[in-house]
Structure formats: structure tokens, C-alpha cells
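Just one chain follows, in the form predicted alone, and it is written as C-alpha cells.
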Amino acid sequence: MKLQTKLTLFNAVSKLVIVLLFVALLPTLIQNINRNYTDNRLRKQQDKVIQTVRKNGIKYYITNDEGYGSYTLLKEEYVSMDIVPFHDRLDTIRNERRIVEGDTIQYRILSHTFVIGKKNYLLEIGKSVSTIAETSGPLQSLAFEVLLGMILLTILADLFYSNYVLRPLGQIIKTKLVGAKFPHFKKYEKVQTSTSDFEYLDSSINRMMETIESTFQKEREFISNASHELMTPISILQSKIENMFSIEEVSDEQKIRLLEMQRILNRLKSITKTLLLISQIENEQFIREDTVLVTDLLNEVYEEISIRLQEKNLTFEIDVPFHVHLVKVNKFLLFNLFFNLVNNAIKYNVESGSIKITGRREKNNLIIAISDTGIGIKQEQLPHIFNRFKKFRQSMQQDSFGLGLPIVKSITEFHHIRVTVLSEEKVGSTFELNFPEEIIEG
């Protein structure tokens, strides 16, 4: 899962938790708000009544020591004033029941006593609790809708901002890692970002790439120079051994040993040539200016290697039912590519088995598959079959050079051909070559 997706999910989930918590607490919050608002309103009404009493006198409400009472038509609010014993002192706001015209109603009641002259008066101002609760529902809905809208806006803002902030990271991955052609890297281009962490990551990857490229360049130069230098003494030794065969004093036993030495020298020469070829490919010492017809190329490979097919009584079939030219390629390398794959198909095939080369078009690409009925490759070995060093160690145990597939890999990378392998033990292997559109004509 991408980092941006993770951050967006975390933000969404965390905000959802906040919303659920807020929704759970919302009724209590609304009730507290309503209660505080009602209490403040009752206090203001109390102040207004007291001011009226001070201005107009107590007789404005109390006449002949008779209590005063007034309530609205629906009994939602009421105001009352009575004379109470002098020792009664109240200044409270609480919920209580009152009986008004035979109806028992729950009120939020402000009770306040005050002294005028030598008499103690009790002022009560009440508001129906049911009336207060009527506003709670709409307030809760409104609060929930506003909160939900804010949450959605913040999620969108988080998504936009995380996309903006993490964009340099995506560019680093895309251009510096995924887009890099290992071990040939492009010229360093600094990723534009204001995030110091990404700047450090970008520069660190660049330093690592430079180190890798430098190391591989030295390795390629060493292989090239070593292979080239080894060819001369090997050729001299071969000539000397061949000359020794013509000497009459050399016994038959010595000639057998000379043959063994000659066979070892041939192996050494083949390995040196192969290493030199790989080095030349990786150093891009070949040019791509040939145009070849695929079927002609495959037929040339067949003619070159047909004698080996007979040794194992193998059937060979080419099923490429169209005429496709490959342009801007190196014919010598492509011949080596198919030769090595067919040679492996023969080497690891069973007696009286078969080899089939098929071709098909997928969109604008060309797919050529080389299938055999051989011994197959173990699944754990598949990821390493193109590794020249690992294969080389195994092949030494198998008395084989094991450099055919590394050559295949180098040639496909040189031509931007994608190679995939499907294999099953005791069933066979299929190597698929996916030729890109830019080198296909016809």
C-alpha cells in the first residue's frame, strides 16, 4: 500500500473516530448549552423584574399582600411573586414541578428572594423543560451536519496536501530507482522539493548510484582487459600443443595428455571469448544498424545447429506465421541470442524430445517463444539463471560454461527486449522474448 494511501486512510479513520465520539457526546453537550442559555435568560428576566420593582414599586406586582402570577397561554413560561417568611433566602435555578391550572409541568425555575421594606418576597421565573428540549434535536442535527462537512473538507485537504508533499518522493522512486537502467544511470537531475528529508534522500541515492556505476565500470574494464590479454597466451599455448603432435618423439601417452590440455585450453578460450563478448555488449561497443527478417534469422540458427538436433533425435519447428523485420538491431548479437536459447533447449532436452519456436503479436509488440521438452529448471533457481557469477559456480560443478543465459540477458538489455521464463521440472522450459514496438517493422 502506498504511503499516501496509508496517510489518507489514517486521517480518514482518525476523523471518523472523532466524529463518532462527538456524536456520542453531542446530546449531553447540547443539553448543557441549552441549560446554560436558559439560565442566563432567566437571570436577565430576573434583573428586568427587579429593575421594574425599583422603578415602579412593589405594588406594580403585589397589591394588598396578594401574590402575583402570570404565565403564557401554552404555560411555557411563568412569573410569580409572593411574600415569604423573612428567614427564607433563595437564589437558585433548578428543575422542579409546578401545578398550573391542574396540569403538572416540569419547569426550569429561577428562585430569588429580595427584601422591600420589611417584607421578604420570592420571585420565581420558570421555563418549561419540554420547550427547552425542543431545540436540542435541530441543534444536534445542525451540529452533526456542520461537523461532517468539515470532516470531508479536511479529508480532501489532507489528500491534496499529502499528494503535494509526497510528490517528490514519487519522482525519486520513478526517475532514480524504477527508471534507472542498471548499471547505466542517467545524468543526475536534482528533484525539486522544499522538504529537506527528500533532498537528503535524493542526494544519497545519487551518491549510491555513482558508487555502483563506478564499481561496475571498473569491473567491466577489468573483464574486458583480462579477457583480451588472456587470448594471446592461450593462442600461443594452443599452437605449441598442435606443433608437439607433429614431433615423432612424443609418445602416445604424452599425446593423450596433450589432447586433455588442448581440451582444457579450448574451454578456457571459449570462456574468455564469452566474457569478452559480454563486456563488449555492456560497454555498448556494438552498433545497432542492421535490419533482419525474423524467419530468416531463425532459419540461419537452425542451419547452424541442426547437426546437434540429430544427436538427440529432436524435432524442431518454427511457427512464426508472418514476415516481421527487426530494424536498428545488431544481427550478430541477435543470432547469438537465439543460438544460445536453442542451444540450451538442446543441451537440457531429453532424447526424442522437441523444440518449438512460436511467434505472435500482442498490440504493437512481437512475442517469440522458444519452448522445449527438457528437464526444466527448479523454481528456486529461476531468479538466478541470468546471474553470470552464480550460474558460473553451478556450471563449474556441471562441467559446463554456464554463460549462455548471461549473454542472452546482456543482448536483450542491449536491444531493450524483455525476457521472461516459464519452467517446470521434468516438463520443459519456455523463454519468451518481448520485442518492443520501436524495433519492429511489418
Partner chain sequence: MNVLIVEDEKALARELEIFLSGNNFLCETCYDGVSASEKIATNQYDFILIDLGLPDYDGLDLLKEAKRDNPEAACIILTARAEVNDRITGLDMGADDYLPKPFSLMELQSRMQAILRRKFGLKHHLVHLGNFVVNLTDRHISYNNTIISAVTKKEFDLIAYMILHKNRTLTRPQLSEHIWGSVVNDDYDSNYIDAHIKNIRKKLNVYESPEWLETVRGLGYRINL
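Residue numbers count along the first chain shown, from 1. In this text, all values refer to a predicted model and were calculated from it rather than measured experimentally. Here the rigid core means the biggest group of C-alpha atoms that line up within 1.5 Å when the two forms are laid on top of each other.
Keep in mind the form predicted together with its partner chain is missing from the figure; the text below concerns it.
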| property | result |
| --- | --- |
| Contact residue in the predicted complex, chosen from Ala157, Ile173, Met150, Ile307 - any heavy atom within 4.5 Å of its partner chain | Ile307 |
| Of Val115, Leu259, Val178, Leu142, the one that lies within 4.5 Å of its partner chain in the predicted complex (heavy atoms) | Leu259 |
| Listed range touching its partner chain, judged in the predicted complex by heavy atoms within 4.5 Å, from 278 to 286, 117 to 125, 208 to 216, 365 to 373 | 278 to 286 |
| Residue contact check: Tyr71 to its partner chain in the predicted complex, 4.5 Å heavy atom | no |
| Phe86, heavy atom within 4.5 angstroms of its partner chain in the predicted complex | no |
| Interface membership of Asp252, its partner chain in the predicted complex, 4.5 Å heavy atom rule | yes |
| Touches its partner chain in the predicted complex: Leu42 (any heavy atom, 4.5 Å) | no |
| All of Ile236, Ser246 and Arg267 with a heavy atom within 4.5 Å of its partner chain in the predicted complex | yes |
| Any residue of 353 to 370 that, in the predicted complex, places a heavy atom within 4.5 Å of its partner chain | none |
| Displaced residue check between the shown form and the other one: Phe332, CA, 2 Å or over, core reference | no |
| Core-superposed comparison between the shown form and the other one, Phe322 Cα displacement 2 Å or beyond | no |
| Per-residue C-alpha change between the shown form and the other one, Phe222, threshold 2 Å, rigid core fit | no |
